[in-house]
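This document opens with one chain alone, in structure tokens, the form predicted alone.
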């Protein structure tokens, strides 16, 4: 073995030992991603081509028939239109409000800012069915603390308020108050990471608080806003719990039984026993989320390394 070979082996060994800690940190994430991300995704691809005529999957027996069944269903266009409208309302509005609140809180350091961050964070501890029960209480004019406002707007009952044309806005409000606190904390942390020298230099140059927020702080937290867009879009595409529970027989709100694509996939699987069509529809929604994330990353240069 030559000296050059020995030196090359030693460099490789040192590099491996140096990166070993990083690999250990990444390993748990990789395991969970394989178990709960890639694994179910690959299984969904398999059963999307399976035939369930006899109750058990006959893999690759259906060909593309499950995709044809899902995409030509009479409810497909209706649910896709609903989720598109919900995304148009919820994503930009939710991001804009969260960023605005974080910037406002960062303008006013001190006890008030800490208290408000905590108050915004508390609703995030309520999720799923409990969140929906809280929403029903808040949207019921006879029980809600905002009842007088709701009645002044012409909504005398819960049924008068919950109507199909208002569902995108109602689901946006529910989602905002359950998730805004976490994102406000993230953006506030990003704002805290801005160099004090930069802000001080802006102040010396005559920037007031609003100009600092617009021209200094906002551009510097842009990567966090892009990251929020990707996760919010992917999460909102999968809307299921809110319309599903509101449409149940014990609430009987004015919500169509299959309002979102995920509800339609659920109906295929558990009402019709067609797990293949359900998997095809689920994969479509996954592709929508991945496609949006890819476009945003490419258009914004999210992963570009800044010098």
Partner chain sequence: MFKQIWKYLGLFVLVSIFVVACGKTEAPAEITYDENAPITVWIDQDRQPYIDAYKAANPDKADLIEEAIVDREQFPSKVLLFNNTNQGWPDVVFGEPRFVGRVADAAHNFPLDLKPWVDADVLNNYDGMAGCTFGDQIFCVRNDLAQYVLYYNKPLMDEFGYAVPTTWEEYQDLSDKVAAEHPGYLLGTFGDGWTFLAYFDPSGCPSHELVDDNTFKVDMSDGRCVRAAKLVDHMIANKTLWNTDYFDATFVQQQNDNKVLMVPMASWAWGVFNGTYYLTAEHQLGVSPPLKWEDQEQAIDVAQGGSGWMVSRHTKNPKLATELIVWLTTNEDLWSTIPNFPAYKPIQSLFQDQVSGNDIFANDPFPAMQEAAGLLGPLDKWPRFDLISPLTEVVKGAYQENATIESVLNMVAEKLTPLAQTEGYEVVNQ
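Under this definition, the rigid core comprises the largest set of C-alpha atoms superposing within 1.5 Å between the forms. In this text the structure is predicted, and so the values were computed from the model without any measurement. Residue numbers count along the first chain shown, from 1.
Omitted from view is the form predicted in complex with the partner chain, to which the following refers.
When you look in the predicted bound form, the only residue of 75, 203, 151, 117 with a non-hydrogen atom within 4.5 Å of the partner chain is 75. Here is the short version: of 190, 160, 101, 169, the single residue with a heavy atom within 4.5 Å of the partner chain in the predicted bound form is 160. The partner chain in the predicted bound form is approached by residue 56, whose closest heavy atom lies within 4.5 angstroms of it. A residue is said to contact a partner when one of its heavy atoms sits within 4.5 Å of a partner heavy atom; residue 273 meets this definition for the partner chain in the predicted bound form. Although the partner is absent here, residue 34 is a contact residue: one of its heavy atoms lies within 4.5 angstroms of the partner chain in the predicted bound form. The partner chain in the predicted bound form is not approached by residue 238, whose heavy atoms all lie more than 4.5 angstroms from it. Applying a 4.5 Å heavy atom cutoff to the partner chain in the predicted bound form picks out 142 as the lone residue from 136-158. Residue 294 is not among the residues whose C-alpha shifts by 2 Å or more between the shown form and the other one once the rigid core is aligned; its shift stays under 2 Å.
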